[in-house]
Ligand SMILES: Cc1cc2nc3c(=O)[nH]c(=O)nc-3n(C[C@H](O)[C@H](O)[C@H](O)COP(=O)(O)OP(=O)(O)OC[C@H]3O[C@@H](n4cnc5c(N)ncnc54)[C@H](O)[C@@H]3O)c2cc1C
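We begin with a single chain expressed as structure tokens, specifically the form predicted alone.
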Amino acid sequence: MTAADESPTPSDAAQVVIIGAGPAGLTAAHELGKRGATCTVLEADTVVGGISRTVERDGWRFDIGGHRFFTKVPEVEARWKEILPDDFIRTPRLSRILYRGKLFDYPLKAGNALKSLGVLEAIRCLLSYVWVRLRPPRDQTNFEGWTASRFGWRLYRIFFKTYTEKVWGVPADQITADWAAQRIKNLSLTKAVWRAIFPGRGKTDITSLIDEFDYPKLGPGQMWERCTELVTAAGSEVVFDAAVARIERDGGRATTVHAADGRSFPCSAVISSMPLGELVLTMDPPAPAEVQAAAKGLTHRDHLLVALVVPEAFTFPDNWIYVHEPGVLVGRVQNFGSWSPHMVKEGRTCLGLEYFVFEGDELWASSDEELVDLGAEELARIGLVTDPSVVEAGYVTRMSKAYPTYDEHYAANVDVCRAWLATEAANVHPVGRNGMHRYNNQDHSMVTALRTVDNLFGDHHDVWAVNVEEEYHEETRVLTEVPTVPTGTGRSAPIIPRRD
């Protein structure tokens, strides 16, 4: 019997090493503590929460990307409330699109959009839509053709093209239709007009319709900071500045995790939320060349946040505004005071400008001072402040590997990595967004961790079947179980071509 054929037993939980102190890693550690087991959590950074952290600078608190605490998984909601029983607030949900100095409802509402565009542009948009009904785009396998066929070319260019290209850094006609199918499934101009005329009908067919959500009053990091306290109180250890450099294996199982600073951690099992490709490349003895090539083929899009302190006069009610103006680099602007008044100071608010970048590119390599100046200038250019000089302070946070990207080879690469780990490191369990190279939301990352701990105690869940279905995003309908996809990688993010 090979290592891959062995059934998980409670002994696998005897000496667990968890890589990464984000939602997946800390959820696994918390669950182990509830079961009377301890573990060692290795965090490469000095802050917990991963991309769900809250950064604190000079008393200001701000998110990396914004995180609504909304789930249809009762188990996850119960866990949130168990960790933070008294620190959630109810926050109104509001997001809009900024285009040519005007704000448009998001999700799109036909009446609002056409009215705000003006009579002449609205007529052009409607005629453009009629045209694509008569002559649909020839290629609807890419984002551009798929979206234009449902909204017309003019509305596509206004509301979809610019922002999508900012997020992923490639032309929209090189992104497959999967991205559109996930984010704007069941929405077309015809349905939008119907909803404008009959607002009470058909509402559950459209995604992203919740009106409010739970939110930790001090930001999402408060959840994971408190979770860390519970994990350590249960006897586990969270080790910071402990980037994993090498995972020693023998007989088809990992035996020791080695940190970059020379510390070593023997293990009976490893739960890993580090990027899947990097996980494979740390194995010693190393994986075969073809497996290493697959691991190196898994890429990410990175995130850069410029948080600017401005007078309260420049606040706005939105959690964030999508910036569709083509003349600026910023993709989205958050108002942290609209997430929680506890994150800002009296008489001021903090606006977070989000830039989607590749690590090492010109924007990423810019100094913090240059980025704060750029953010202030762009904030004024899009009209959210009157002048760059109103910015009183600025802070920059860089987050590498924020979004796993799906190029044309990603599915095959993930399968190769999975198959090799299953036979050559059978007690190593990938979880979470980067750990599985899957565009999981926070709640689904937590579920992968919970099911993995179940498996350590003898269950047989297919953790890779936990995923985000197209229909899942922020609807008002409640699910009684976790959405799943057939065994395999599934697809829940755009197919992004590889950069040259």
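Quick caveat: nothing in here was measured; it's all calculated off a predicted structure. Note that residue numbering follows the sequence shown and begins at 1.
Quick note: we don't show the form predicted in complex with this ligand, though the next part is all about it.
- In summary, among the residues Ala242, Ile321, Leu298, Ala425, the only one with a non-hydrogen atom within 4.5 Å of this ligand in the model of the complex is Ala242.
- Between the options Arg61, His67, Arg451, His30, the residue in contact with this ligand in the model of the complex by a heavy atom within 4.5 angstroms is His67.
- Shown alone, this chain has one stretch from 401-409, 374-382, 158-166, 142-150 that lies within 4.5 Å of this ligand in the model of the complex by heavy atoms: 401-409.
- Using a 4.5 angstroms limit between non-hydrogen atoms, Gly221 is distant from this ligand in the model of the complex.
- Residue contact check for Val238: none of its heavy atoms lie within 4.5 Å of this ligand in the model of the complex.
- Contact check for His437: every heavy atom lies farther than 4.5 Å from this ligand in the model of the complex.
- Residue contact check for His303: one or more of its heavy atoms lie within 4.5 Å of this ligand in the model of the complex.
- Using a 4.5 Å cut-off on any heavy atom, the one residue of 445-461 that reaches this ligand in the model of the complex is Ser445.
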